[in-house]
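So this first bit is one chain, no partners, the form predicted on its own, shown in structure tokens.
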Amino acid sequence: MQKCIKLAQKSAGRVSPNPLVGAVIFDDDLRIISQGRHEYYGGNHAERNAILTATEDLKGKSIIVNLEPCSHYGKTPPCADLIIERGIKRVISGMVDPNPKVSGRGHELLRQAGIEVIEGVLEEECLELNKFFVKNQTKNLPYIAVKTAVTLDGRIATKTHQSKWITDEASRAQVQKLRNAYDAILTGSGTIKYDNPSLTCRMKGGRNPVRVVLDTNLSTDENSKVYADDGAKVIIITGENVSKSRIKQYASHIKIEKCRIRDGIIDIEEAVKILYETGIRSIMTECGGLLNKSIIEAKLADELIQFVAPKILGDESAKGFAEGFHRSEIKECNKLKIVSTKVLKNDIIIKSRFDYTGNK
């Protein structure tokens, strides 16, 4: 199963809105016969690739896959049917498919054909691998990670908005991998004005995510780096009363979506729904504290990814990664569960999952 997961991870950023899946076929002596992965959206599923590339008879063999084999027709025929057809005797899966079209039906179809089915192998790891897909299928919303680069005292920039560079080169290389994995990078107009980022993926072999800017009044410079026409999709979400003449000042490759305004700013809940409707299934934020706060306050954030540098800014006027909550008691804090920690060259990556249970 670990091999399946590693195979699946190679397709990060290439299969959305589909899940990441790897498959390995082996015999009773644990000799690997064939393997495959879902390589790109619209391509063969992992099981089909593993089966079709096998060079020997698969009758009586076993297949292990990190996600329940599909039992319905989509862009490709059902994998469960092909498994049955080739006489495979045992299917080992990591998790049930959360897609209502499948969700247990693939396993049941296999059992009805006399195939032994073993479920739940490394289930937690398999759920983590496809956390985007699980959120999409169960909530009809994109998975959202709040990504920050902070000092030890939680600051992302000085009071004059200087932020380069809080973290080191090793951390920035990891950020490129994250940009490759997420469908979209979300930022706000303030970040565009002060930092003028490109938000591209500079990882070798990577692909640029969709760049999304929340800009209530369309006040950002239309020549900002983020709006470059480099083949990547660019979306601006702006207020519903912005004039047509202002919109026309932006290049034609930029898609501009109007959104409801609440308390003087973009309604973040509606904005996220708009992005989901455009096909975006996972979002990573690279923005200021006020936008991060809005996402967390609306209970839309699933994960917090912090790149923590061993530095102290020590200025209460400096910018925090989440600002504006105005809380007076510890019990009002947002609760998270640490998922993992990793020491890089000099910084630490802390990944935590939001727990909204009991939060108002």
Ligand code: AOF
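Residue numbers here begin at 1 and follow the sequence given. Please read these numbers as outputs of a predicted model, since none were measured by experiment.
Omitted here: the form predicted together with the ligand. The next part is about that form.
Note that among 249-257, 75-83, 169-177, 281-289, the stretch whose heavy atoms approach the ligand to within 4.5 Å in the model of the complex is 75-83. Not one of Thr187, Val212 and Ile268 places a heavy atom within 4.5 Å of the ligand in the model of the complex.
Using a 4.5 angstroms limit between non-hydrogen atoms, Ala149 is distant from the ligand in the model of the complex. At least one heavy atom of Asn99 is located within 4.5 Å of the ligand in the model of the complex.
Though the partner is left out of this view, Phe132 does not reach within 4.5 Å of the ligand in the model of the complex, counting heavy atoms only. In the model of the complex, the ligand lies within 4.5 Å of some heavy atom of Cys70. Residues Asn18, Pro19, Val21 are the members of 1-24 with a non-hydrogen atom no more than 4.5 angstroms from the ligand in the model of the complex.
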